[in-house]
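Taking the form predicted on its own, here's one chain by itself in structure tokens.
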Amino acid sequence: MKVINLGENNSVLNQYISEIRDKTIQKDNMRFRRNLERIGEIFAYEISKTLEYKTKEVETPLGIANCNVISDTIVLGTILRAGLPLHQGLLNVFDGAQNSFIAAYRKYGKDNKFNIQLEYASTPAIERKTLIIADTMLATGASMVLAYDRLIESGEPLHVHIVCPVACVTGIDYLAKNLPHKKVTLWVGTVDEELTNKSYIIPGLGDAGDLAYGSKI
């Protein structure tokens, strides 16, 4: 697995990540969603540089232009709910992409231990396509591996790009161990060192789903 940390080089991405972390700016749910959307657009642009292209003749009002266009068939996979604004940003760029959605959540038991419950998946066939899986945060990595395993049941992709703007060392190590394939690239915007005893990232940003869409029962 290849890991690319876009936050290592200064760009406007770092500004947006600082804002989704900022507890004052987080009070504006619409701003939080919009920042995640813009972050998704940046990751999509960077991923686009790795894709395959073909030359297409395009007729203009004055003649024919030879243009390089993406030849990959792209599937955007998202883990609900927190991944939705990020998904929209990716879709703004890859507007012809097919789409997958995974419903997964933590079910806590005693001593803050939890299992990942995967209850729903809607996906097209993945065979010979480029799969991009998005979630706002990568903490333990368990839900991402489950989502990956579920999606590739519908076929072997050409390549898998995993987009997690805020990641933890623990999650990255877990993915490296459980997704060792050369066909997987992990894209992150920042990497934090610590998890709490409930596996929340520190400093992280809090509950991304709640910040985007309001608290849940």
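Being a predicted model, the structure only gives us computed values, none of them experimental. Start at 1 with the first residue shown and count on from there.
Although it is not shown, the form predicted together with a further copy of the same chain is what the next lines describe.
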- Message: So in the predicted complex, is a further copy of the same chain close enough to Thr123 to count as touching (4.5 Å, heavy atoms)?
- Response: yes
- Query: So in the predicted complex, does any heavy atom of Lys198 sit within 4.5 Å of a further copy of the same chain?
  - Reply: no
- Query: in the predicted complex, does Glu193 have a heavy atom within 4.5 Å of a further copy of the same chain?
  - Reply: no
- Message: Considering non-hydrogen atoms and a 4.5 Å limit, does a further copy of the same chain approach Lys183 in the predicted complex?
- Response: no
- At a 4.5 angstroms cut-off on non-hydrogen atoms, which residues of 16-34 are near a further copy of the same chain in the predicted complex? List them in order. Tyr16, Ser18, Arg21, Asp22, Lys23, Gln26, Asp28, Asn29, Met30, Arg31, Arg33, Arg34
